[in-house]
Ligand code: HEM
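This document opens with one chain alone, in structure tokens, the form predicted alone.
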């Protein structure tokens, strides 16, 4: 297969764009490894192999949860930018602004946690202002301000992307192919990236705005305690934001599969009406699925819980099915050379599917009554993040370093060994969580009963393997990014404006 098929001219970045894109990737690699070490420390503590003070455990848990989700969205945003810029006009200043505000938000979150904040990523009212002497309201304010900065940066990126999509396609509905849903000839060349990217522009912007409202309300209450806010309403906004935000990392990450899989298989991967219907349904359903986080809140209006239950059974399946079916049929009889990018993409589909099924099971109300406050919950989202989203990101990174001239082959023996170690370690790690959920092991606890420790020890062994493999991949990708020579960029069409 010719190199220009794998690395087309319009993906070669000019100097400033390449620098910013590399910043995103390097930052993601560093944060993922550091936050994995934080997570490993917590599991070793629960396994009784490391002594970790309880307060520190919950500070670590706050850092790990917020940090991993934020990093996943940040780096999949970079992937969306990298591919979307080929089809619509994007401004580099918006991409840079998102990165700067993300890093400022990270600093604020670290300051809050360093000062003792340990109320977890959910910042559920009134817990952030009720630190009971363990943390101060100021530390909670730092944490929530960090969230706001990250959200504002993401919105700036989305609004710039929305402007580019509208300028090219007329409106967001046309960009998603809605005029073709009920008839007409579907343009098979219409970019899947535009469909998926526009879906997330719509859905995640609304989710972030919901989170911003809850954050502002919480900060006002923190500054003026006499102003009370409704706990259930605030919790609903938080989980709308949280659920949408983490799902956006999956749906932006899957753009990597849409863009790259057919290049490695050598087979076309055209757009279809079924694909458009899948994304149209998911765009709506993913916005109304969040009440399945509130099934234990008896005060919620019954109809909202019914909506959440029905949406839980159906929200992820349309886009997951069209993606998985399209990808597998694209790979079938393709005689594909299994270098690292396609390995990661197929693993990503596996992680997304298995983690999604585990999530649907937990969101079923009779199961939720028993399983929701157990380790089944971190089990399902670690499955689709570790084996799904992160695999999508690593596919992009390996593809990116493969574009460099004189780059070492992205399929060395060490790469293959690392992939195997990551896969086995990841399966062991998520099994420890899922089996813990089956056994009734409570989540969000610093210490476990002796009967529960065995699942912690299993998960810790898997976590060690994952951290070792991820450390190798980080070093390998960094060496690939800064070794050799970048691809020629003098003839690259720059879709951003000259001031961008």
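Residue numbers count along the first chain shown, from 1. As the structure is a prediction and not an experimental result, all values here were calculated from the model.
Absent from the display: the form predicted together with this ligand. The rest refers to it.
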- Message: Suppose contact means a heavy atom within 4.5 Å; in the predicted complex, does that hold for all of 64, 382 and 463 with this ligand?
- Response: yes
- Okay, which stretch from 47-55, 471-479, 22-30, 66-74 lines this ligand in the predicted complex, with non-hydrogen atoms inside 4.5 Å? 66-74
- Item | 128, 402, 378, 308 - the one with a heavy atom within 4.5 Å of this ligand in the predicted complex | 378
- Query: So which of 365, 120, 281, 353 reaches within 4.5 angstroms of this ligand in the predicted complex, heavy atom to heavy atom?
  - Reply: 120
- Message: Whether residue 429 contacts this ligand in the predicted complex should be assessed with a 4.5 Å heavy atom distance threshold; does it?
- Response: yes
- Query: Taking heavy atoms only, is residue 454 within 4.5 angstroms of this ligand in the predicted complex?
  - Reply: no
- Item | Proximity of residue 289 to this ligand in the predicted complex, heavy atoms at 4.5 Å | no
- Task: May I ask you to state whether residue 434 is within 4.5 Å of this ligand in the predicted complex, using heavy atom distances?
- Result: no
- Message: Using a 4.5 Å heavy atom cutoff, which residues in 37-58 contact this ligand in the predicted complex? It's fine if the answer is none.
- Response: 39, 40, 42, 43, 46
